[in-house]
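The chain below stands alone and is given in structure tokens; this is the form predicted alone.
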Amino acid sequence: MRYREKAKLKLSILTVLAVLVAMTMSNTGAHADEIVCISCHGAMPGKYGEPVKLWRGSIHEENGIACNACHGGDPRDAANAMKKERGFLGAPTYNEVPGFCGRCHVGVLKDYLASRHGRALATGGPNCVVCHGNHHVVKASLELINEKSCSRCHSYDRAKLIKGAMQETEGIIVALDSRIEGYKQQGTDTDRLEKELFSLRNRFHSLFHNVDVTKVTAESATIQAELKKLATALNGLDEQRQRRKVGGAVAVAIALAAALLAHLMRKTYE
């Protein structure tokens, strides 16, 4: 009888766990489909469904940012989704695009408006979507600076120089980030190093909208000098780890030698 009761209890527990897992998976997968903009426009052909198709696979979708985050409105009520009373903003005009994006990307908006591109906005200069796309927004990187994109408006020569000046710095940042993460995984206190790298990365990213070759080159060199200080600190951690390894190996060797000596002495007295 006790065996049957235990079996029933185990079965009940497994059933509850299965239901919880199923609910979790259901909620995760249904999140985007619950947004009426996506469920409605996603099934539409042509230009009305195109924004959803482009949004799929974008950095915005990856981070859970859907239509209402930019265009406003009620994402749960199809009948009232596009009412101004529910905060619907609609599609921005060409010159309004930076303000739309800048509601989230505050620092980037500041850098853009200070750049030559931003200052030329009123006279037809490029807004955010010209380079980044409107719905299929990709993760910002130096790969966005390329001949195909830049030559749509002007020669690629200046942009090529800027990209070249920044690529080495980008590589150093990526490498340092990987090294810091490695030490963090080992339990080393990397808080100070992480904060310093975060600050330098943000400072570096502020150059992405600058089209002044001289300024970008000079600032990249300054940032690299600061990054080298971080590299020196990490080299110090490497040396400490190597010394610990050597010390550990020596300690093991001494312990083995002592054990062997004790064994030989015991054999001798026997």
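All values derive from a computational prediction rather than experimental measurement. For the two forms, the rigid core is made up of the largest set of C-alpha atoms that agree within 1.5 Å on superposition. Counting begins at 1, following the sequence as shown.
Another form, the form predicted in complex with a small molecule, is not on view; read the next lines as being about it.
Within 4.5 Å of the small molecule in the predicted complex, a heavy atom is found for none of Q185, K228 and G248. Among residues of the shown chain, N68 is one whose heavy atoms approach the small molecule to within 4.5 Å in the predicted complex.
Remark: R152 counts among the residues lining the small molecule in the predicted complex, judged by a heavy atom distance of 4.5 Å or less. In the predicted complex, the small molecule stays beyond 4.5 Å of every heavy atom belonging to T169. At least one heavy atom of C101 is located within 4.5 Å of the small molecule in the predicted complex. For the options L200, V97, L193, L176, the residue carrying a heavy atom within 4.5 angstroms of the small molecule in the predicted complex is V97.
Taking 2 Å as the criterion, I145 does not count as shifted between the shown form and the other one: its C-alpha moves by less than this amount when the rigid core is aligned. Annotation: Cα of I173 displaced by at least 2 Å between the shown form and the other one, core superposition.
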